[in-house]
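Take a look at this one chain, the form predicted on its own, written out in C-alpha cells.
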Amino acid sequence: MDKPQISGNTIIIPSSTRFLADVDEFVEGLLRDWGTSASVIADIAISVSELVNNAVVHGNKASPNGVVTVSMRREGDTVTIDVADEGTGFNPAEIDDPLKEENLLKEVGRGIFIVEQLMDKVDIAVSKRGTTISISKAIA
C-alpha cells in the first residue's frame, strides 16, 4: 500500500506519519457531516492525530509494510473511533505518569495522557495482531 484507502467510515494508511493530514481531513470531514461543534472536532482531531502517530512510531515501529486503520462510528450523540496498528502491543500499566516530577521534562510519554484528558472514554485492547485504542466522545 502506498496511499490511504477510504471505505465508508474507515481510512487505512501506510505506516508513515506523512499521512497524518489525510487522516485529519477524513476525521474532521466526517465529524462536520455529523454536525459536530468546532471545539469537539478539535479535541477529537488532536486525539486521533496523537494515536495515529503513536501507532506508526511505537506500534508499527515505522515499518513500511505496516498499516494503521482508523474507523469511526456514531451511536446516538456519541462518536467512537478505533485506531489500530499491527505492532506487538504494549502494557498500558507500564506507561509512565507524565505528572510525576521525574517525567515532567521528558519529551515523550504524554500521548495517552492527553487523549484521556480530551476524550470521554479510552479503551486499549492489545493482542498478538496489534493494538486497538478506542476513543469515545459526546458530539452533541
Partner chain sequence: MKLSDRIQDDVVILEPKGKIMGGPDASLLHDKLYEYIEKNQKRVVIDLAQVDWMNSTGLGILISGYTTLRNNQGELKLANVTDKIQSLLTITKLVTVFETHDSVEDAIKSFER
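Note that this is a predicted model, so its numbers are computed, not measured. Numbering follows the first chain given and starts at 1.
From this point on, the text means the form predicted together with its partner chain, which you will not see here.
K.L.:
Between its partner chain and D77, E86 and A138, in the predicted complex, does every residue show a non-hydrogen atom at 4.5 Å or closer?
P.N.:
Not a single residue of the candidate spot has a heavy atom within 4.5 Å of its partner chain in the predicted complex.
K.L.:
Whether K106 contacts its partner chain in the predicted complex should be assessed with a 4.5 Å heavy atom distance threshold; does it?
P.N.:
Yes, K106 lies within 4.5 Å of its partner chain in the predicted complex.
K.L.:
Does its partner chain get within 4.5 angstroms of any non-hydrogen atom of K121 in the predicted complex?
P.N.:
Although its partner chain is absent here, K121 would stay clear of it in the predicted complex, with no heavy atoms inside 4.5 Å.
K.L.:
Indicate whether its partner chain has at least one heavy atom within 4.5 Å of a heavy atom of A21 in the predicted complex.
P.N.:
Contact check for A21: yes, within 4.5 Å of its partner chain in the predicted complex.
K.L.:
Within 4.5 Å, heavy atoms only: does S49 come near its partner chain in the predicted complex?
P.N.:
Residue-level check for S49: yes, a contact with its partner chain.
K.L.:
What residues of 39 to 64, in sequence order, lie within 4.5 Å of its partner chain in the predicted complex by heavy atom?
P.N.:
Result: S39, A42, D43, A45, I46, S49, E50, N53.
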